[in-house]
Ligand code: NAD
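First comes one chain, alone, set out as structure tokens in the form predicted alone.
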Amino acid sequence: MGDYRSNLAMAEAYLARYRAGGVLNRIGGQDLPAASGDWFETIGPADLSPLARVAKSDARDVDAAAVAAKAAFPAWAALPGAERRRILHRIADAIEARAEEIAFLECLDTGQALRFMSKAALRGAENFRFFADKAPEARDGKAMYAPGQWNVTNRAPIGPVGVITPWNTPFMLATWKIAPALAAGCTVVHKPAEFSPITARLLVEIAESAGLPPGVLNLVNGLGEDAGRALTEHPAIKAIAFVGETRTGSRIMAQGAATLKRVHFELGGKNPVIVFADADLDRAADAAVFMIYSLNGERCTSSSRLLVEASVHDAVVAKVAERAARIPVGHPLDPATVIGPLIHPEHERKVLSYFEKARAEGATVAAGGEKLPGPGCYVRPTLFTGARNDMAIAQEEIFGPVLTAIPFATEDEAVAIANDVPYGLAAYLWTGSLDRALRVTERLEAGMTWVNSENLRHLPAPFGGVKNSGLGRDGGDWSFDFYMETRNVAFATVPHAIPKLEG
């Protein structure tokens, strides 16, 4: 990574073509403006200056993309898995070759710090490589024996699918959804978040330059109420994979009901990190700080509630507050920056509103709790203490660098507090006792739990939540379960008596 000025100059150079020509749709291998001719404008969260015009699509554009995906589906689905593997590996190579461009554009678009976005391309390439290697086995099933019968299962791609991705780490999350869909043999219509659409355009360019046939991956930009809704309602789209807010997921489910769409949702979280007195408290504090303040706190798996055993509560809270106060906040392209600006003034207003709610409900600010002066959506990393689990800051997803600390007295109370939220995506447990770890993890209402660790992803493992945090699982064969249909063929191996319907 260069210095701030050289990074900014290079980022502006990468952005220049989008400033000049806008962010167009990509449908059936063609660059297309919105059918309406309308545009919307994105802004940079670092200084609120305009970044680029973006095609403001509606149902006509979504229909064109769905038609293109449907036309491309038979040939892509019929392509041998080994050939799909070759193409997906070439896409991964091409992503790595443009890693700097991806990172710099992601910083400008999202406000995420370069130290994290510099890894976005590598994570995206890793996703493509992992699912590329699984493509040859995607259609595999199993044989099941029964007396006088042999059952054989296999899987087939479901058809054209819609992928709707969020604004927080858009490039990586797009690859996390799109790579398994392509490996399975599906074609895709991608609708990125309107706050951060630029790297989605870059992904489809990279994919086609690496040999992905036109129409296999289509990009339609637009607002959720227009392009998003048209995608979820389109009859040619067989499934919707969505990452975002719980309320939006609920609307998507309703919109897709008429066409009986399959849905996969990765939604909100209010994830606890539970620290027992017998844990390594310094490591636990470091992990808690990392999981709430990295990526600006704008991550679904952030550990936004710090539950600490009463006997060590004050000590742990002091460690976290001291660490939070030292975190550098600054421009996302400055290599020294850890926390950049929040994505958009609209989201900044939401985050800041919780500071008022917290104080009104009696919580104490132990660190941060304020907006930084000057332009841009900069908020100090914040820690609230003196909180109860019924407060808004403990129950609602803030999606920013805001941590709420709550003490507990017993193991039962820790589990009760952890589970007493509408969400159930992730949990983090710190203890020196294996027995306790086994007991507590069994009782936690979470799709994923990490013990004595921050969030370390293992791509073959299932990823997803329970309760209001989502439906379905990503990762390994769990991704193929969503993008493919399982079929069974039963062979009679011996003659048997056929029932006769006689009067």
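Don't overthink the numbering: it's just position in the shown sequence, from 1. From a predicted model like this one, the values you see are computed outputs, not experimental measurements.
Below, we turn to the form predicted together with the named molecule, even though it does not appear here.
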Discussion item. To test your reading of this chain, name the stretch in 101-109, 219-227, 123-131, 351-359 whose heavy atoms come within 4.5 Å of the named molecule in the predicted complex.
Written reply: 219-227
Worksheet item: in the predicted complex, which of the listed residues (Thr199, Asn168, Thr187, Thr382) lies with a heavy atom within 4.5 Å of the named molecule?
Response: Asn168
Item to complete: Just give me the single entry in Asp280, Glu245, Asp140, Asp286 that has a non-hydrogen atom within 4.5 angstroms of the named molecule in the predicted complex.
Response: Glu245
Worksheet item: Thinking of Ala193, Leu267 and Phe463 as one candidate spot, does the named molecule come within 4.5 Å of a heavy atom in every one of them in the predicted complex?
Response: yes
Fill in: Proximity of Val308 to the named molecule in the predicted complex, heavy atoms at 4.5 Å
no
Worksheet item: Applying a 4.5 Å heavy atom distance criterion, does Cys300 contact the named molecule in the predicted complex?
Response: yes
Fill in: Residue contact check: Thr232 to the named molecule in the predicted complex, 4.5 Å heavy atom
yes
Worksheet item: Hey, in the predicted complex, is Val320 touching the named molecule, heavy atoms inside 4.5 Å?
Response: no
Worksheet item: Using a 4.5 Å cut-off on heavy atoms, what residues in 389-425 are near the named molecule in the predicted complex?
Response: Glu397, Phe399, Leu425
